[in-house]
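Next up: a single chain in structure tokens, the form predicted on its own.
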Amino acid sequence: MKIAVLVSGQGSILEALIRERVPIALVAGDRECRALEAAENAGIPTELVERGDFGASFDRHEYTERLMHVLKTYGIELVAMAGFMTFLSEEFFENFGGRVLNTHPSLLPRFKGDHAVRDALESGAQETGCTIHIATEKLDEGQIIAQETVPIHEGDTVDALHERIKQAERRLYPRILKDIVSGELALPRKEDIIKSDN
């Protein structure tokens, strides 16, 4: 199974996937970033599908089409988002239905969005964690594949809590991807996902 990892930032999750020998066929980024350098250093093919516009005029459909073209060129069968910060349009998830995974720093469905760690801390919750889920066009929705709980300590800061969540992600994400590749974990069928969305 050919896996592509989508990145935008420092690449700590990508480095965990590489360390755990997840078979990665391609790393694609939406901007120049350290994660692409990490992939190159590991001998993994990289593609910069650059997002030139970060304003209101950003053409999400056009960008999604460019990214899909690259992934299809490499014969990608499974997409793993790892800190990828561009929200893609619906046709991406229709094309790769049920084969796009994301990791999120909370125990979904609680604390969706970009401030999940802060929101968990401010809520007074005693625990949070990370979730590996099937990505859809709806933010932080999609079937939950696996979760790992992380306790919230008294006096925690957002940075300290987020670092512990990242440690959990670096354990859980590689394991889930390797289980999918080996056949130990079956993803839902595309038609089942379509039914559950309706």
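Counting begins at 1, following the sequence as shown. Since the structure is predicted, the reported quantities are computational estimates derived from the model, not experimental observations.
The protein also exists as the form predicted in complex with a small molecule; that form is not presented, and the subsequent description refers to it.
How about G83 - does it come within 4.5 Å of the small molecule in the predicted bound form, if we only consider non-hydrogen atoms? Close contact exists here: in the predicted bound form, G83 approaches the small molecule to within 4.5 Å, heavy atoms only.
Do P174 and the small molecule share at least one heavy atom pair within 4.5 Å in the predicted bound form? Because no heavy atom of P174 falls inside 4.5 Å of the small molecule in the predicted bound form, the answer is no.
So in the predicted bound form, does any heavy atom of R31 sit within 4.5 Å of the small molecule? The answer is no: R31 has no heavy atom within 4.5 Å of the small molecule.
Decide whether T128 counts as a contact residue for the small molecule in the predicted bound form under a heavy atom distance cut-off of 4.5 Å. So T128 does not count as contacting the small molecule.
Look at the stretches 45-53, 59-67, 166-174, 145-153 and give the one with heavy atoms within 4.5 Å of the small molecule in the predicted bound form. Going by heavy atoms within 4.5 Å, the stretch is 166-174.
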